[in-house]
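First comes one chain, alone, set out as structure tokens in the form predicted on its own.
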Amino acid sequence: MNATASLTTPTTATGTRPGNRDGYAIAITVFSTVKWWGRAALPVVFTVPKIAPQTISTLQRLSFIHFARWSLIREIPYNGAPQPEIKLRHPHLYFESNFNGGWEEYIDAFSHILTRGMWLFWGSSYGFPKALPTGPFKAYIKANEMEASHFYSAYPQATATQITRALELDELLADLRARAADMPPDEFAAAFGTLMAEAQRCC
């Protein structure tokens, strides 16, 4: 295996379908049928993080997650004739997320770190087996998962953490560059030393 292949095909991406992978970035899309009471409960669940952002602080600290979104789908989007207008008999919970790492590890993180949150989101879906133990939960996700028809990553050979740190380093360099023209050599040397020390956290 050459160096390029090792970068674009992470060895930890177990359980991932080919269409859901672009380098280090992995996509997951899950549809599940919602019970009658989920129609009222899920909009409330979706509103809580907007009112109290601290409720998803744990999720936000998981740096390997690009984003995660849950939506309640009541009808198929209409794109014009000849497609018929379709309103679903039962609403469906739509979950999509992009992340770095492996499919198995991603589900493990959700199951162990956000156990209660998984019940809040999927508890109203038919067949949800609880987040723990992870075996039945992974089987449930696989049974309801769809392969992405289009998935693009701007930086497939970098993780979200690497990109964030690169942006932080770019800001540090831009700041020094803006000040460097008016600095005497000794002051520039001191500023450059400070930059190198601060840059360590970006590596």
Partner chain sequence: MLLDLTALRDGNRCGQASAFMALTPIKAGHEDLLRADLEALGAGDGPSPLARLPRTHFGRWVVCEDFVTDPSQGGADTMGCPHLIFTCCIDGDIQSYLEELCAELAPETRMIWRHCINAPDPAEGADLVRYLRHNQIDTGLFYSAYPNTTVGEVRRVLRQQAALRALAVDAPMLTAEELQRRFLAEVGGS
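Superpose the two forms; the largest set of C-alphas matching within 1.5 Å is the rigid core. Bear in mind the structure is a predicted one, so any value in this text is a computation, not a measurement. Residue numbers count along the first chain shown, from 1.
What comes next is about the form predicted in complex with the partner chain, which does not appear here.
**Student:** Going by a heavy atom distance of 4.5 Å, is L167 a contact of the partner chain in the model of the complex?
**Tutor:** The answer is yes: L167 has a heavy atom within 4.5 Å of the partner chain.
**Student:** With a cut-off of 4.5 Å between heavy atoms, is A40 one of the residues that contacts the partner chain in the model of the complex?
**Tutor:** Heavy-atom contact with the partner chain at 4.5 Å: present for A40.
**Student:** Considering only heavy atoms, tell me if W119 and the partner chain come within 4.5 Å of each other in the model of the complex.
**Tutor:** W119 lies outside the contact set for the partner chain.
**Student:** According to a 4.5 angstroms non-hydrogen atom cut-off, is A139 in contact with the partner chain in the model of the complex?
**Tutor:** Result no; A139 lies far from the partner chain in the model of the complex.
**Student:** Taking the partner chain in the model of the complex, which residues of 114 to 151 have any heavy atom within 4.5 Å of it?
**Tutor:** Residues within 4.5 Å: F121, Y126, G127, N144, M146, E147, A148, S149, H150, F151.
**Student:** Relative to the superposed rigid core, does V30 relocate between this form and the one not shown - that is, does its Cα move 2 Å or more?
**Tutor:** No, the C-alpha position differs by under 2 Å between this form and the one not shown.
**Student:** After the core is overlaid between this form and the one not shown, has the C-alpha of I76 moved by 2 angstroms or more?
**Tutor:** It does shift by 2 Å or more.
**Student:** Spell out whether the Cα of A40 moves at least 2 Å between this form and the one not shown when the two forms are superposed on their rigid core.
**Tutor:** No, because once the rigid core is superposed, the C-alpha of A40 moves less than 2 Å between this form and the one not shown.
**Student:** Versus the form shown, are the CA atoms of A27 and N79 closer or farther apart in the model of the complex, given a shift of 3 angstroms or more?
**Tutor:** Here the pair is closer than in the model of the complex; there, farther apart.
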